[in-house]
Structure formats: structure tokens, C-alpha cells
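Listed next as C-alpha cells is one chain, alone, in the form predicted on its own.
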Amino acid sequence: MPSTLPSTSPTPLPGTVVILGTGGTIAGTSAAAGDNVGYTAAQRTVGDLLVAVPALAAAAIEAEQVAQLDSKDMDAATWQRLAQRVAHHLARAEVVGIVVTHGTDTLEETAWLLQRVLAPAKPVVLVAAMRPATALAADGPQNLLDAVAVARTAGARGVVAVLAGRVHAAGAVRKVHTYRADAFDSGDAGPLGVVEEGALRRFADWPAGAPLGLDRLAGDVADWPWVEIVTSHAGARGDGVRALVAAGVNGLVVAATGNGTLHQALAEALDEAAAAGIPVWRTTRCAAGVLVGPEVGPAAAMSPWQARVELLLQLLPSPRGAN
């Protein structure tokens, strides 16, 4: 049956694109142009990044620096502030889309959080780079140009990530390689589309869903629940789980082997945690696939990192009057 999706994007929408900077490798610098690993992340502002893309010089773009950090150090306070700024700009009638410059290490976690909290009717495009801005063949400028093109696409909505010419939905995107420029994948789902010379060729529908609401992230981040990830492996012990419970952990995600299997010693400790009222969600440590079976639980199709974000959001108090 032929697809009803458009093969290419129509004329880009007029209006403003807001680019929110958070740091990352895309804003990183190295002392030597040939050094793609010995760099320092989050050294250039989002305004600096725009200067490196002459094709955007005449575009209706606003830039705002929300944070300046290496995404390995992403924290609750930055997530809260970023979500608030995204929501603020999405509410402006003249804004057609948002682009967020981000580090690659935790991009998939931020993407899922923004999608679940906001589920925006306009596009929110996360963009990153695997090479610093000073690299001989920096990938950031092209990625940023592609991200703005996606943000201007008519009918676009939801949170997506744009890297190496491919567009990934927030629920599917995964970092799957440590070094190469095309380090991201969407697993079994495949990419949402590809950007070709400034035009989006789309293969799947935009992310959708009911938003939890920005109020879910309100309040002091110091009061947010503590959710940790533990891993099952050969020779696993339950001592770590018991130590986390004793320290006051509020939720646990376990990256199980294969199709959700657990070492018996770890399983015993997790059962004890669950009996004590601590939610325990099971995922797989496998890079691809989902858990299959009659009792797979709410995180069956999630990565461990995505499941941690989801459990965190579920444990946060619902706004008064919300379902």
C-alpha cells in the first residue's frame, strides 16, 4: 500500500525560529584543528555557532543561551529551565519552531523529557555534533542548518533530533556509536526522515501524544525523586540494590540481559525493593529490540536511560487537578 506521507517538505514556513543553546560538543573547541577527541565542550555561544553557518545569516532567527555545559553533566535544574524556555517561545505566535543545541551524550534523555512534558504542536529540534567546532571537518554547522530546515517544515510537530542528515523521533533516538559522525540511530522504527539540500523527506509520522504539562517540572529540583539504573550481568550481586534502598532511592530501572532476564541474586534484591514500595522497571541492556512477553511492564520498549526519565516523571507529583 503506498505511503500517504509527503516525499519532500513543502515551502519552508515564514516566521521566527528560536535557537536555544545548552553547550555540548557542537560548541566545543580544541587547541589543534585535527583533534576530535581532546577538546573541551561548551566553549562557544549559540551566537558563535550561527556565525559559522552563513546560509542562516538572513534568516529570521533568535538565539538564547539557556546553559553552557557538557551534556554528560546534564542536571535537573537545566532540564527545568530548558523546558520552561521552550514552552515560553512555543507560546509566541510568530515562532514556528525551536532548535536546541545540545551535547550528544544525554541528548536522547532530554529529547524524551521534552516530548513527554510538552508534546508540542510545533517542532522542537535537538541538534548536536560529534566533532568540536574547531575540527577540520566539523559536523555542527551542517547539522544546525538541517535542524533549522526541519523547524521550518510545515506541519512539523513534536520533539525530534537532527544529526548527520537524519531526523529521529524523541521516542526512538539512541546514541549507538562512540566516535563516528553518524552516531545516532532509531532502531527498529527507523528514522523519521532525512534532510536533503534543505528539504525534509519524511518516512514516518511526527511524534505525538498527550503532554504531562510543564507544571510536572515545577518546584525545587532538590525535591525531585531519585531514580537509579542498575544492570544485570554475570556474577551480579544484590548488595548495590540494597545499598541504594538504604540510601533512600525512590525508583529503580534495571537494564536486564536479553529479553528481560535477571541474575538470581539481583532479582532477589529487586524483589525486596519492590516489596518495600519502590517501583522497579525492567528494560534490556541490548542495543536493539523490545521486551516481549506477558509481564514486560511499562518500560518494555524503552532504553534504560529513557525509562529512568519516564519513571522520574511518573514519580513527580501531578499538578493539582490533573489526571
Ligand code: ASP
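Residue positions are given as counts along the sequence shown, with the first one as 1. Nothing here was measured: the structure is a model prediction, and the numbers come from that model.
Same protein, other form: the form predicted in complex with the ligand, not shown, and the subject of what follows.
Visitor: Test of understanding: in the predicted complex, would G103 fall inside 4.5 Å of the ligand by heavy atoms?
Guide: Residue-level check for G103: yes, a contact with the ligand.
Visitor: Would K72 show up as a contact with the ligand in the predicted complex if we use heavy atoms at 4.5 Å?
Guide: Close contact exists here: in the predicted complex, K72 approaches the ligand to within 4.5 Å, heavy atoms only.
Visitor: State yes or no: in the predicted complex, is some non-hydrogen atom of L114 no more than 4.5 angstroms from a non-hydrogen atom of the ligand?
Guide: No.
Visitor: Is there any non-hydrogen atom of A147 lying within 4.5 Å of the ligand in the predicted complex?
Guide: Close contact is absent here: in the predicted complex, A147 is far from the ligand, nothing within 4.5 Å, heavy atoms only.
Visitor: Pick the stretch from 124-132, 241-249, 191-199, 223-231 whose residues have a heavy atom within 4.5 Å of the ligand in the predicted complex.
Guide: Every other range fails; the passing one is 124-132.
Visitor: Need the contact residues for 21-46: heavy atom within 4.5 Å of the ligand in the predicted complex, sequence order, or none if there are none.
Guide: Going through 21-46 in order - heavy atoms within 4.5 Å of the ligand in the predicted complex - the hits are G24, T25, Y39, A41.
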